[in-house]
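This document starts with one chain, in the form predicted on its own, laid out as structure tokens.
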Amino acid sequence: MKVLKFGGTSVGSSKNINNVIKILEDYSKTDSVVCVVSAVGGITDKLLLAGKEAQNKNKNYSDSFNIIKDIHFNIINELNLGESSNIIAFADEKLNELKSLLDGIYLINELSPKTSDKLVSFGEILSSYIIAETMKIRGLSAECKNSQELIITNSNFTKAEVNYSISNKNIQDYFKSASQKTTILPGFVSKSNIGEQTTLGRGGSDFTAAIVAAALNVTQLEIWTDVSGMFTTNPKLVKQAYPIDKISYQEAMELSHFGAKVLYPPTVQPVLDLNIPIHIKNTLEPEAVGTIISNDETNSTSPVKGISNISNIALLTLQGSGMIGIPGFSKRLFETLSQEKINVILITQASSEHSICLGIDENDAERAKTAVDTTFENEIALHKIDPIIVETELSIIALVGDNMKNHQGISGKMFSTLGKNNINIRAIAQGASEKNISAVIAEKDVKKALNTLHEQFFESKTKQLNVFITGVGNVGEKLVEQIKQQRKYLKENLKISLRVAGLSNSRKMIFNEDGINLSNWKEQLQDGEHATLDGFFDRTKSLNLRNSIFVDVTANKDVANLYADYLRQSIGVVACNKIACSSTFENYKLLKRLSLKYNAPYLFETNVGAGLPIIDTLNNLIASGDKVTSIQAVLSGSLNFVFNNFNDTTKFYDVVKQAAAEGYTEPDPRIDLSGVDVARKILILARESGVEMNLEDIQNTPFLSESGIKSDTVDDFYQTLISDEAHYQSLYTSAKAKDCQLKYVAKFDNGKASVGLEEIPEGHPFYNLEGKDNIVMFYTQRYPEQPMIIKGAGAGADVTASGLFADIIRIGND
């Protein structure tokens, strides 16, 4: 004999009921089947709502009743049973009884626990009869047996206690003589030993199935629901979650206590006592393996079996110096909550005895505070303890696994993983059995926490990065295309799952927490919402995705001013924008401190030399104990391009225009040609070398004409290049006369820095620097005579994008 239980969702529609009947038909071909069913999905809540409305003299109870009636008759009609007079007559009779009961509640203005049990029993009575009669009409051997005739309880209404000796005998006697292949039983419902209708409380249908399975001592209890077993975590919040094949009773109960709704632990005690395995199956996917719960060894390779959570938690803190060394505080606290029938979900106490923290349901918080403050009003008045502190909008997350006790470092890995993603832990609880490690966190962080922990403990060490890019012009577009091209490679070879979750230009922005489709991102962006810098930050923050990275591909000061805000939210920052790192030294150091404090990477390799590993090399030198003595560099790919292409047969204006057209200069070329851009770069290198310096400390010798320096607009500046051609030709002529090349050189030596145009003689490492190339020479204590040289393309959209991409990958590899 097999015992199966189907939950409310499994019988929530005619389609699902047909699935149930097909499963029962298949099972009954080889064995007798007992099927316990819940009420149609949502009906129990609707019955309680109608009862409350009637009790409160709210005439809407009639509308609620009509909804309940329509749901059942719609299912009956959709089952295509023809002239199924028995079902219709039975449904009419029961629904008329329900309406009379609701009318009575309305008249007397009372809904007692006894009446409530009678009220909610209609759901299971109706669903079980409809299913059994449908099977009979379709020619299957089936009967409906009212569980109230089998399961006998006391009169503790809404959560009655079972009389097992009587109930077991009733069940065994009935099934000894039952001839039908399939027996349908309504779950949840029972009767007291004096004939009053009772119910078995939360999870009552599971309880009914467990009672029957234990009484008949079957080999396995099957619980059919709308998911394919117990998952590693909530699949609605973590898409990578997957069903657990096998799990122990203890692990299943721990996970169920912490929010896994598939199973309610107290209800399965009868089968647990007899070591009857429980098989969780999916009504909508009968072929799925599901989860087997038993005491057999699971041979799991992972010490953690699952991650779960309970939402809507309030944290109560009782604290005060008067508690230290004084016995009885805990006893009085728990007695007070017990008297108020408030369930304590989590307990933690500091070893100093200065405080006790309790996690309870948020709905009980106000009542708990009033009761506890009243109990301790004398101690509060004497300032021995503080009024109880209540914190809300919290959730409990828990790691569960029988084998966690045999593995060191599980809790450390859990807490460090949460900390890296700026998830603050308000309280911690871990029992000596080490089967469960619980932490209280903010409700808003639950999704991020579950995804982060699942990635750490269950996925093949693939790290997901969520990237938010502001500035999708020339360089930004190249970056998006590089990401699109390399995503598969990153996942397969570097175990990095890279998603672009947000994109913005100066006009529009788009977001998708599951990752923007990069095949048509431009079209999506055109139809996006209005973009603002604050709006982009707020959306990035509110999405609260793990391993978030903000990528700044602009030269905008206002964007740079938001870096601190991103870092404070533990959102990493990758920037080619040099403004932040070359701002005041105080701001530069602030960003560095915030990066460390909030464990948010702040990388800006492309600030100097586009994609060249200049800053990374410098940082490695410093980290290894070396010390920079001087730096000589050509740091402007745009200026090098300009002076490599400018001669006595070209015009300076044309060369600058060409550099701008090919993307080597900023939109405002004065930033490049004034030397400000190069000054910022050498400043950044000086600071990264450990020197405190500001932009105004750098000697900048301009080569532009006086009118070019004073120009008000970009157009005016270009006009000065035309009118002052003779000035620029004179620079070229002077260098040529000495057989020199013009190079814009940045220097740092003995704590001082300068930038300016120089005539470089033949034989110098800078002399043959071609095109848009950069070159940096680091003289250090380890490289005093022959410098460390880095040379290569220092401008261009592709190489700058690749430098940004490299910083993103560097974060993924940390």
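From a predicted model like this one, the values you see are computed outputs, not experimental measurements. Note that residue numbering follows the sequence shown and begins at 1. Here, rigid core means the biggest group of C-alpha atoms that superpose within 1.5 Å across both forms.
There is another form of the same protein, the form predicted in complex with a small molecule; it is not shown, and what comes next is about it.
Open item on the list: Can you work out whether residue 203 and the small molecule are in contact in the predicted bound form, taking contact to mean some heavy atom pair no more than 4.5 Å apart?
Closed with: Residue-level check for residue 203: yes, a contact with the small molecule.
Open item on the list: Check residue 44 for me: does it contact the small molecule in the predicted bound form (non-hydrogen atoms, 4.5 angstroms)?
Closed with: The answer is yes: residue 44 has a heavy atom within 4.5 Å of the small molecule.
- [ ] Answer with yes or no whether residue 39 is in contact with the small molecule in the predicted bound form, where contact means some heavy atom within 4.5 Å.
- [x] It does: once the small molecule is placed as it appears in the predicted bound form, residue 39 has a heavy atom within 4.5 Å of it.
- [ ] Select, from the options 656 to 664, 204 to 212, 580 to 588, 730 to 738, the stretch whose residues sit within 4.5 angstroms of the small molecule in the predicted bound form by heavy atom distance.
- [x] Comparing against the small molecule in the predicted bound form, the contact stretch is 204 to 212.
Task: Core superposition between this form and the one not shown, C-alpha change of residue 158 at least 2 Å - done: Where the cores coincide, residue 158 still shows a C-alpha shift between this form and the one not shown that is 2 Å or more.
TODO: Could you check whether the CA atom of residue 777 moves 2 Å or more between this form and the one not shown, using the rigid core for the fit?
DONE: No; residue 777 is a residue whose C-alpha shifts by less than 2 Å between this form and the one not shown when the cores are overlaid.
Open item on the list: Taking the rigid core as the reference frame, tell me whether residue 189 has a CA displacement of 2 angstroms or more between this form and the one not shown.
Closed with: Passes the 2 Å threshold, so yes.
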